[in-house]
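This document starts with one chain, in the form predicted on its own, laid out as structure tokens.
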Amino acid sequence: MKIGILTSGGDCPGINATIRGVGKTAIMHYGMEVYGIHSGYKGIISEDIERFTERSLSGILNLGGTILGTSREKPFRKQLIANEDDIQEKLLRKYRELGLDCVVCIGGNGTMKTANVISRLGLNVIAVPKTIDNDIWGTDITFGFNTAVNIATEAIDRLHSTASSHKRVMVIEVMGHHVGWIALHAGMAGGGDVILIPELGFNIQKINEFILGRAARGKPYSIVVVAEGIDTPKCMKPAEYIALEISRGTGIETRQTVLGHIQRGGNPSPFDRNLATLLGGHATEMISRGEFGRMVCVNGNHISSIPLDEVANKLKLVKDNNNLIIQGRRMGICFGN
């Protein structure tokens, strides 16, 4: 068999480990031909591909980013193209001309949606979920999430000392898009006093009362962990808005830190390297069995798969009954409401 691998959407620690897991399993165990497709889906149309060998896949396990490059271009976004049918036909034709038997699509929610579209067109597709946000529906965890949480937690740890020294409130904004998985896990692991996530909403007056209550009990500093997707005025960063409102409402000196893309960069954690390797290997097993039109997923300690049409256009949100939220509330952590 002849398979292609592409990466699409934002970069994420563990992509290269996944490429290696797919490619080496395909070459060494199944004797398949493996081709890397550069720059996401548009690499199929432009025939921007290279053949992988065992040697070319060596030394990439611990590398951040993606050796294939990535693109956020969505080939079927109607407002960006003159004729959608032409794009679809061209993609199908190039897929056949390249002689591919399957394309492994590594990406996030947008990638899953596009993978489902091209699967319906008749291309053999298997998707592997990747995102630091951990928001892809149908899988318990995505590679990249563990690394991002580790980075965010280390940043929170470092803010504790400066907040304590100056008796300040420190507000740290972490990534996560429209969900609060990173903020919740890093906030709890880093000993955050206030954790704000999009799923729960917040009341700034209650937050200020909580911080003033801590000060009255002899705790003059607080750590506030904010997910980037919380509802704030569009002209302001969430951390900027929360810091301003806390400063106004409490009179306590407040500083903000936006962690940003550092959470997506650098080498993947050992956990993410192993998870990506397992997901990539499972994707290749699915190819050998002809199980196309599906996304590899994690359920508990078991790796399986789910139809792509069940994944597209859905988000995995943090629920109010999450064990970390329940335990956090028992310990007096404020979740903004």
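Everything numeric here is computed off the predicted structure, so don't read it as measured data. One-based numbering along the sequence shown.
Absent from the display: the form predicted together with a small molecule. The rest refers to it.
> Mark Gly176 yes when one of its heavy atoms lies within 4.5 Å of a heavy atom of the small molecule in the predicted bound form, and no otherwise.
Gly176: contacts the small molecule in the predicted bound form.
> Does any part of Glu228 reach within 4.5 Å of the small molecule in the predicted bound form? Heavy atoms only, please.
Flag for Glu228 set to yes.
> Although the small molecule is absent from this view, report whether Arg264 comes within 4.5 Å of it in the predicted bound form, heavy atoms only.
Output for Arg264 is yes: heavy atoms within 4.5 Å of the small molecule.
> At 4.5 Å between heavy atoms, is Leu196 in contact with the small molecule in the predicted bound form?
Because no heavy atom of Leu196 falls inside 4.5 Å of the small molecule in the predicted bound form, the answer is no.
> Taking the small molecule in the predicted bound form as the reference, which of Ser222, Thr147, Thr114, Thr131 has a non-hydrogen atom within 4.5 Å?
Answer to the contact question: Thr131.
> Choose from 131 to 139, 96 to 104, 199 to 207, 118 to 126 the stretch whose residues reach within 4.5 Å of the small molecule in the predicted bound form, heavy atoms counted.
Going by heavy atoms within 4.5 Å, the stretch is 131 to 139.
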